[in-house]
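The chain below stands alone, shown as structure tokens; this is the form predicted alone.
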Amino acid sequence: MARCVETASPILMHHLLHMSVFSQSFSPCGKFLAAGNNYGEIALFSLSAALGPDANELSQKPILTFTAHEGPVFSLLSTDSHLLSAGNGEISAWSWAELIKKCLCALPPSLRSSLEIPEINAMALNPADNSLAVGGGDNNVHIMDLENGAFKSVLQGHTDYIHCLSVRERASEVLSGGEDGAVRIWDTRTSQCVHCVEVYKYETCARPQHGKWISCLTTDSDWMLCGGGPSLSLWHLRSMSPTSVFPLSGCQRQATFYQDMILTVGEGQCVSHCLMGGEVKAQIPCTPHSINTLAINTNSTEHRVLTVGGSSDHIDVFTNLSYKAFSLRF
């Protein structure tokens, strides 16, 4: 069901108290933010309203909230025209034009694709061949053709859940990180694994007390960031060796390259700013005690913000990387 305004009933208060934000994605125009939570809901926020000169508390609430999946919304991703959402065994595509236009009625997805796998934890777009990589609870990476919605190949090799994916477009590669502690690099042209890096076996990265699972993974040209149980580390993909290991105490859940820095979030109530050499430059306080998702809006210079969500109904908004400006709220 879609909703625009709700009163703060005891049921709603309980709902908000136990909410976690798992996923985020900006609209193609950069004026809207979609966020998914553990209840299967997607909320749509207007950044134009929240950042405007007349912004007030109402401007920080969703313009639309609807139930997208029966279980959590593990992943959100935007194409040029659609918002893709992933839940337990299904991926739905929602027209951005319809989401922005409609506020009071329930929204049927324009496409729903079913997979016999639990927890679709990660999705990654490959613009080179207009495909979507999907990873989750069956230990495999599935490649979907976005032209027709059909799955065209399966990448097999992980021995446990897949948590994260990244596309290295220039090299026609997809990278996957899983519960088994491995980062696998796949050639999308042959569907073969060309490298397997077991990060937890490297003494400088290993943290046995946290486990071996890989929960965050991203690439930029010849560089890879990965972490989870092992420490967050920066790898050169030509030498396949770690060049920097970051002294962060908790398990990191999402990291990204930004300008000459690395931004990362996970266990702990902060966004960490790290330098490529391994130093932690700053840790900026956030509202959630544990953070699941970090996103930077590169689709609009006027609405360029960093947003952070986790174990709270708040999504913190940073207009400047040095401090939180305000919070959006489910």
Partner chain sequence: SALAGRTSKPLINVEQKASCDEYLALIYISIEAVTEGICSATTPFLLLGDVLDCLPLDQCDKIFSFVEENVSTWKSSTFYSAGKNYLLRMCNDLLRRLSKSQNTVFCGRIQLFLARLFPLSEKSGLNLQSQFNLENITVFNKNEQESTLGQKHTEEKEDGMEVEEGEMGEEEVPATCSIPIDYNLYRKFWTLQDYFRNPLQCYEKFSWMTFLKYSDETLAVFKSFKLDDMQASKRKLEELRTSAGEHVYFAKFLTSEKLMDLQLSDSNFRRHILLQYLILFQYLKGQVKFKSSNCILNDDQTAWIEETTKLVHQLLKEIPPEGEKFSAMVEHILNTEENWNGWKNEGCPSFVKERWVVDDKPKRPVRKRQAPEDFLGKGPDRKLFMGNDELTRLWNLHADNMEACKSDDREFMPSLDEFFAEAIEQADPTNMVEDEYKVVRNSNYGWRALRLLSRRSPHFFQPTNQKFKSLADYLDSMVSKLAKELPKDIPSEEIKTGEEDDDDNGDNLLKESNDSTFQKPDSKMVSNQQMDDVAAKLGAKWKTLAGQLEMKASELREIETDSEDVDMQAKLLLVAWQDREGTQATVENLVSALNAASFTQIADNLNDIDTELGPVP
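Not measured: the values here are computed from a predicted model. Residue numbers count along the first chain shown, from 1.
If you look for the form predicted in complex with its partner chain, you will not find it shown, but the lines that follow are about it.
By the criterion of a heavy atom within 4.5 Å, Thr301 is counted among the residues contacting its partner chain in the model of the complex. Contact check for Asn320: a heavy atom falls within 4.5 Å of its partner chain in the model of the complex.
For Lys281, a non-hydrogen atom is located within 4.5 Å of its partner chain in the model of the complex, even though that partner is not displayed. With a 4.5 Å cutoff on heavy atoms, Val305 counts as touching its partner chain in the model of the complex.
Across the proposed site, Leu51, Asp54 and Pro285 without exception bring a heavy atom within 4.5 Å of its partner chain in the model of the complex.
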